[in-house]
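One protein chain, two forms: both are listed below as structure tokens, the first as structure 1 and the second as structure 2.
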Structure 1
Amino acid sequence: MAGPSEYQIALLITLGTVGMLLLAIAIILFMVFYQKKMIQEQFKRQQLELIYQQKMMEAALESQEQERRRLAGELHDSIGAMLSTIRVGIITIARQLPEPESLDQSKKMLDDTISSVRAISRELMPSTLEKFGFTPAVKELCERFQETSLLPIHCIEHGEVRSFEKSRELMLFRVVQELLNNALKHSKASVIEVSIEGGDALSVSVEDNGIGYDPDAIKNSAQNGKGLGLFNIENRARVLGGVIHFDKERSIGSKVTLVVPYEKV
């Protein structure tokens, strides 16, 4: 009688142990599955947040461009037209005066004002970009900056540069525009070079031979909104799916490179 009782007890203990092990394994598997599910949900939430931030950034940048487009149109079509009409009126009055040259200074000032309005309009919305694309627009930008700064600005093109969607080309153009502004403002350079290189990805670099500038210091400076330009550069690069690289190891000058894969544009 004692033997079977001990066997039954041992069997019960074994079954209980096995049951506990199976329960423990089930709990562990459940926890692993639950944790994996939680990680997946967290990853999905992060992805949705990134997509939302991306869309918000794109909307903000598009809103800026729309406002620039509106202001450019107002300057060109409204103010520019009114100034041209005033110029015609001054010329007409001058012809009726005994000394028409007395209005020459006023005509010159008005001509300078009309040129400034046209330049601001081009700055806000480059017509060359709309008509001919990214590379010709950048070359024209370099020429314009060279005329105003009296600083040699060379634009070099390497390889085949493919065209982009117009809204993306405009973002790329704004990045180059801001990089040139930074080089002129901060680098104290005697020459600036813009390089546009095609291939598997578009690479655009702005290089100077000046004292260089620290992008982190500029971004951390809150005075007069100095860091806004660099933040806009990084935001546009992010929207384009590209990478912006500041070469901080250079002993002379500065070099900033934007690389954008074609399939992302």
Structure 2
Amino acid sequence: MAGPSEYQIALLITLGTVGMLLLAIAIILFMVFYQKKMIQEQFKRQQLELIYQQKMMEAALESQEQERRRLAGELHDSIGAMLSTIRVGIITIARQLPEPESLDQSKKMLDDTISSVRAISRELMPSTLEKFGFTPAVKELCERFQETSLLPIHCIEHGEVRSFEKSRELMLFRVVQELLNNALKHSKASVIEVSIEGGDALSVSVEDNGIGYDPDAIKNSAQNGKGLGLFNIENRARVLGGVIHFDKERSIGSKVTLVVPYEKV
């Protein structure tokens, strides 16, 4: 580099090149970090949306349960009580009639109606669950289903099942109720087994030896109103913070297991 002007030109080329390179690198780094920030923000937004959706779902389920509780109360305390009063009235009238047998048919129908109202009320809000907790309520549910369907329904309890929040117990109970209903209605099984396992996490499974089903196919047909039961089960499991597993490997029947960690309930 001979003269000062040549030196200045060389310096200009060097500085210009370095400056341009730094600018290019700055643009690329800005892109990368900005993008990273965007992804983080999107992730946060998704998390918030998920929490919001879960809360909404929880609120919807809670209001549904409240409505059921109210209906069960109305049925039991109001209609049930009125029907019982009518029954007493019929018995009184029958005593005064020359042929009391003529009212036997009506009395029988009234007795059936009272039983139905009680059953509906119990199904809407199982009193055993409120009084004794989840496991006795499931056992009672199995007995009741066995009585009506005449199918052997075994309820097995392993380990110590801890009690937890009533609203959560109710949600879990609804899942078992729906699974049992499905097994009875669609599986064509000859035996159903419900097992409740305590331990580190609460695990409830409903197993049958029926024709089995493909949960994905049923869920896909949810638009026709077919897979709503499974949809509700999954929603409840999600709100409970649990995992629902459909055993697809089985050759005979079906097995659905719900595992809920205790800290979630």
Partner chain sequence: MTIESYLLIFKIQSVLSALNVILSFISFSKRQIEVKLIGLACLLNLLSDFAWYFLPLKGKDVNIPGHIANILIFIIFCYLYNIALTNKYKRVITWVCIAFCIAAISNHLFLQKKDINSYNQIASSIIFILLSIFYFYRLLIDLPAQQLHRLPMFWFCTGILIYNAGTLFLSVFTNYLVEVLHNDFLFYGTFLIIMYIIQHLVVMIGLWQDLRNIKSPSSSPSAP
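Bear in mind that the values here come from a model prediction, so they are computed numbers and not experimental data. We call the rigid core whatever largest set of C-alpha positions still superposes within 1.5 Å between the two forms. Residues are numbered by position in structure 1's sequence, first residue being 1.
Assignment of forms: the chain in structure 2 is the form predicted in complex with the partner chain, the chain in structure 1 is not. Annotation note: for the two-part rigid motion between structure 1 and structure 2, F145 and M82 are assigned to a common part based on which superposition fits each C-alpha better. Superposing the two forms on their core, we find that the Cα atom of L11 is displaced by 4.7 Å between structure 1 and structure 2.
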